[in-house]
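The chain that follows stands alone, in the form predicted on its own, written as structure tokens.
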Amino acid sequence: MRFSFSRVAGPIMLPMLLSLFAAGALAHGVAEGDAQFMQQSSGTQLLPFIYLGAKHMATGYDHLLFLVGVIFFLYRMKDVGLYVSLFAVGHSVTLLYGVLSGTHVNPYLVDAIIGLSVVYKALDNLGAFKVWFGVQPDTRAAVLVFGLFHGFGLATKLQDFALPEEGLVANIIAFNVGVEIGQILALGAILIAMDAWRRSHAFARQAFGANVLLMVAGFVLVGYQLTGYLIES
């Protein structure tokens, strides 16, 4: 029996992402050692902050789940590039604004909205809005708006740290560049698996179940964050 990557890509990819989500659900944020380095750094540290930004994206299960939903039915690279760019623009604007302006919003509430973004995209992929409301939301605007919330969610994590003022702007910009680099690398791996999965005959049959799982993961994220908000309040 010949091994076919396309046959196993789908069944492996989403459960793998969901396992990552489950494993990191209680630990999302910046690792303790990384946070310590960021708070003790002196002056401009471009390369270390780029590395930390890219590393953070590897554990950014909420961002990755949303992006999986965004590219799920995108077959042309120019469409993938457009939507990912919209997400990156929104993400970058609020990440930089949130950290540099000191604007603070409860992180549990922001992360709950991020969970809703995963639910939204899964429902959009399932065609729920057309069935329920007879309308199709502007998916490009939605990706940009949710990108703003995703960036602000990361900003709330960084606001918990006493980051040195010296070199702060350059370091945060470098961190954001690292996040985008990490996102591109992660997205590249996801696209390879998605392309193989979509070539298989099982894709049409499994796509519905995959988006239902995506929606469930989003609801779990929302519930987890709202529970944290109620406990902390």
Partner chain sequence: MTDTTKHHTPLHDIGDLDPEGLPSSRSLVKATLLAIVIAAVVLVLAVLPAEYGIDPTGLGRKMGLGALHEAEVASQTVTAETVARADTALQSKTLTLPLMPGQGLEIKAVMKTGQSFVFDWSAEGGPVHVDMHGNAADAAEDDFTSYWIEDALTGGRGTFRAPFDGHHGWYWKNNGNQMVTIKLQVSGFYDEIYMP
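Please read all numbers here as calculations on a predicted model, not as lab measurements. Positions refer to the first chain, counted from 1. Throughout, rigid core stands for the largest set of C-alpha atoms superposing within 1.5 Å between the two forms.
Quick note: we don't show the form predicted in complex with its partner chain, though the next part is all about it.
K.L.:
Note which of Leu116, Leu123, Val84, Leu158 lies within 4.5 Å of its partner chain in the model of the complex, where distance is taken over heavy atoms; exactly one does.
P.N.:
Contact residue from the list: Leu123.
K.L.:
Is there a heavy atom of His104 no more than 4.5 Å from a heavy atom of its partner chain in the model of the complex?
P.N.:
The answer is no: His104 has no heavy atom within 4.5 Å of its partner chain.
K.L.:
So, in the model of the complex, is Val89 in contact with its partner chain at a 4.5 angstroms heavy atom limit?
P.N.:
It does not: once its partner chain is placed as it appears in the model of the complex, Val89 has no heavy atom within 4.5 Å of it.
K.L.:
Would you classify Ala141 as touching its partner chain in the model of the complex, given a 4.5 Å non-hydrogen atom cut-off?
P.N.:
Contact check for Ala141: no, nothing within 4.5 Å of its partner chain in the model of the complex.
K.L.:
Val131 near its partner chain in the model of the complex, any heavy atom under 4.5 Å?
P.N.:
Yes, Val131 sits close enough to its partner chain in the model of the complex that at least one of its heavy atoms falls within 4.5 Å.
K.L.:
Gly182, Gly188 and Ile190 - do all three of these have some heavy atom no more than 4.5 Å from its partner chain in the model of the complex?
P.N.:
Looking in the model of the complex, the three residues Gly182, Gly188 and Ile190 all stay beyond 4.5 Å of its partner chain (heavy atoms).
K.L.:
Taking its partner chain as it sits in the model of the complex, which residues of 97 to 114 have a non-hydrogen atom within 4.5 Å of it? Please list them.
P.N.:
Just Tyr108.
K.L.:
Any chance the CA of Ala112 moves 2 angstroms or more between the shown form and the other one, core superposed?
P.N.:
No, its C-alpha moves less than 2 Å.
K.L.:
Quick check on Phe72: with the core superposed, does its CA move 2 angstroms or more between the shown form and the other one?
P.N.:
No, because once the rigid core is superposed, the C-alpha of Phe72 moves less than 2 Å between the shown form and the other one.
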